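Below you'll find only one chain, the form predicted on its own, shown as structure tokens.
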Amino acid sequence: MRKSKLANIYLALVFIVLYAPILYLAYYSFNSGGTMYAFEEFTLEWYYEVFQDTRLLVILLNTLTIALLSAAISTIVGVMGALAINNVQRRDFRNALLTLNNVMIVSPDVIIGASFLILFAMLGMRLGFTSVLIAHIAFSVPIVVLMVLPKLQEMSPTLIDAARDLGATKWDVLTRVIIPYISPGILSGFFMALTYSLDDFAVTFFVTGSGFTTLSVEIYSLARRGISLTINALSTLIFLVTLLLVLGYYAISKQAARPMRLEVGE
């Protein structure tokens, strides 16, 4: 009992440390005083400024477009990669492929961004939408692979054998057996790729051009010019959107897991 209380206290302290700065930032986004030193009156002025800034809305659209496209493409590529790795028979070769997949995850963002910048410069590619999209797909694919691969590994081979015995083609096995079974992993990978793309700064900072930017880079540029509560309002909105994505993923995961529990119960 004592250990349980200590664990709960420790967990509460961790959450306070993590979320206190965000709550502090959100609190002052409603301050009419224009500073983060003394709260004067409640106002939505800074939120109005965010939605009236046409340039900021264009940047928001750019960010969402990059995030959705990179998440969708990386999910498709990641699922194909997970299927390929899972079908490798040699264990040492499979482990080598997994190691190569994990390199992109454990590598520092600065190294990844600088590497892509050098690559695009060598290819003579103009930095902008395409370069940012390619970079986001590159660091999102390994995440999708890690989300999908465990579902493939826990899948019983007898399901595939039964489908083949019933006359299913390879395409039928893939679309009617494998994909539905690993759909929770696919959804996990998509939402993880989406949130990583929305939150990324370091890689995007290296590969974005003068005519194209994302919200993370824009917030950094605004912060360098001086403290403005518009940044607080914008950051609060981003946090709320991310929170909604997480809650949406959690709800979808529970809904997807419920039929499986019912089947087991039957």
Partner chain sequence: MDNRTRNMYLIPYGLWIILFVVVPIVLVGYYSLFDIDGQLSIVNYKRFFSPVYLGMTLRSFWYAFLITVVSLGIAYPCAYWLTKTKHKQLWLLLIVMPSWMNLLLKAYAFIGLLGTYGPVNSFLNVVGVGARQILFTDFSFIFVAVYIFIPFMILPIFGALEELNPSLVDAAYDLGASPWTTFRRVIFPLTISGVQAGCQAVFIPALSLFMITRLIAGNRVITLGTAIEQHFLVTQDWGMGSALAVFLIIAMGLTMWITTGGKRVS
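Just so it is clear, the structure is predicted and the values come from calculations on it, not from any experiment. Numbering follows the first chain given and starts at 1.
If you look for the form predicted in complex with the partner chain, you will not find it shown, but the lines that follow are about it.
### Task
Using heavy atoms only and a 4.5 Å cut-off, decide whether all three of S29, Q153 and T158 touch the partner chain in the predicted bound form.
Not one of the three qualifies.
### Task
Verify the contact flag for S115: yes if a non-hydrogen atom of it lies within 4.5 Å of a non-hydrogen atom of the partner chain in the predicted bound form, no if not.
Judged by the heavy-atom cut-off of 4.5 Å, S115 is in contact with the partner chain in the predicted bound form.
### Message
Given that the partner chain is not shown alongside this chain, does G167 nevertheless sit within 4.5 Å of it in the predicted bound form, heavy atom to heavy atom?
### Response
So G167 does not count as contacting the partner chain.
### Query
Does the partner chain come within 4.5 Å of any heavy atom of I219 in the predicted bound form?
Judged by the heavy-atom cut-off of 4.5 Å, I219 is in contact with the partner chain in the predicted bound form.
### Query
So in the predicted bound form, does any heavy atom of V148 sit within 4.5 Å of the partner chain?
V148: no, not in contact with the partner chain in the predicted bound form.
### Query
Which residue, L56, L68, L44, A202, has a heavy atom that falls within 4.5 Å of the partner chain in the predicted bound form?
Looking at L56, L68, L44, A202 one by one, just A202 meets the 4.5 Å heavy-atom criterion.
### Query
Between the options A72, L187, A163, M80, which residue brings a heavy atom to within 4.5 Å of the partner chain in the predicted bound form?
Of the candidates A72, L187, A163, M80, M80 is the one lying within 4.5 Å of the partner chain in the predicted bound form.
### Contacts with the partner chain in the predicted bound form, stretch 100-136 (heavy atom within 4.5 Å)
Heavy-atom contacts within 4.5 Å come from L100, N101, V103, M104, V106, S107, P108, V110, I111, A114, S115, F116, L117, I118, L119, A121, M122, I134.
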